[in-house]
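Here you get one chain, nothing else, as structure tokens; it is the form predicted alone.
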């Protein structure tokens, strides 16, 4: 487009190149009628339970396009399967940036996979927006100004669980199972920081697993044998199901803390077994679609109508689809704020200028806030216990900003 405009200007002797908006003229993936956005998701592999997120985002953006798009532009959402494999993520993201020429990438999923593209995207000055991982590293605008997270950080969540244990469990003996990468270690760091120097002595066993491991059965047996009466379960859905089921099968009944990223009732708790999952504790920031208290909630009604029309094959009991819809709304908010300036710099500027944004499926009281020095959009969560049917919220909303 740039070459065509410049040639026309030279031929006619007119400044037509100046008439076109900066975004359509200088930013790859942006025209007067379209913005091209890239994504990677594990549609296959050990983290494929998250694949529905990419599908639901695509469905939501189709809804947006059907309703006229954003500021007159339709969204071309290009999503590739990376299988939760960092080398594959690198390959797919390079393809998105260098061949597909997307304006930016959005909601690339996974801590190890995003770690593999972190420096590349910042070096290219391509927005790496609302990454689908709660690792703390995504909120470092000084060193990585082109990357921004979305969900509450794993360290924040870990601190919430630690505070609960210290307050409610006498003579705690803590066992931890975690994925041996940045994702797992980030959760553990937050949890142990929350315990403090004295509290860290309460940890009697730390067991790790690799994402390529077939099972975590031996780790669960080791944790039980350690005498732990508190279990901090830091796993992705595949291994969360195994861990919950194995603990139940061997008669180990600790206080069981399950990280939010595996808290889906339909994807994790039911496959693991309702009885095995009863009394689990997690931290939530989204309304759970299995919770009857939201039955007459307008946001939930609108989401169900969206699912029925645009993603009928999607599971309406899967919280990952609530997540996808909500982060999609966050993206639309940012692009609307951009107006007609969809330059990469302005996309990041607007993403860092969100003030008290309420989205329909966030828990009441939880809002999205960012600033040029705060790249953590959501910093509030509330604890919940599984009663055999649904997550039941309890306690106050924890706010990491305070």
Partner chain sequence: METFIQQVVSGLATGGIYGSVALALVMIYQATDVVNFAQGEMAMFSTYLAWTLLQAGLPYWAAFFLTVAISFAGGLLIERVIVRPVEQAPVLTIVIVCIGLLVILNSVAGWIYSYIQKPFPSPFPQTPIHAGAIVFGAHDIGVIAVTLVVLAFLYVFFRYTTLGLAMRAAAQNPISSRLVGIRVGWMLALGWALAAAIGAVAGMMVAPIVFLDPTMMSGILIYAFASATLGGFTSPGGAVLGGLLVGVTENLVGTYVPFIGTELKLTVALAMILVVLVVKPSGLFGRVVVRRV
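Please read these numbers as outputs of a predicted model, since none were measured by experiment. We call the rigid core whatever largest set of C-alpha positions still superposes within 1.5 Å between the two forms. Residue numbers count along the first chain shown, from 1.
The following text describes the form predicted together with its partner chain, which does not appear among the structures shown.
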property	result
4.5 Å heavy atom contact with its partner chain in the predicted complex for all of 221, 238 and 245	yes
Candidate stretches 348 to 356, 42 to 50, 366 to 374, 66 to 74 - the one whose heavy atoms come within 4.5 Å of its partner chain in the predicted complex	42 to 50
Option touching its partner chain, based on a heavy atom within 4.5 Å in the predicted complex, out of 178, 146, 311, 80	178
Position in contact with its partner chain when the complex is considered in the predicted complex, options 279, 101, 217, 91, heavy atoms within 4.5 Å	217
Touches its partner chain in the predicted complex: residue 272 (any heavy atom, 4.5 Å)	yes
Non-hydrogen atom contact residue 212 with its partner chain in the predicted complex at 4.5 angstroms	yes
Close approach of residue 204 to its partner chain in the predicted complex, 4.5 Å, heavy atom	no
Exercise: residue 316 in contact with its partner chain in the predicted complex, heavy atom 4.5 Å	no
Large Cα shift (2 Å or above) at residue 123 between this form and the one not shown, core-fitted	no
After fitting the core, residue 251 CA displacement of 2 Å or more between this form and the one not shown	yes
Threshold 2 Å Cα movement between this form and the one not shown for residue 87, core superposed	no
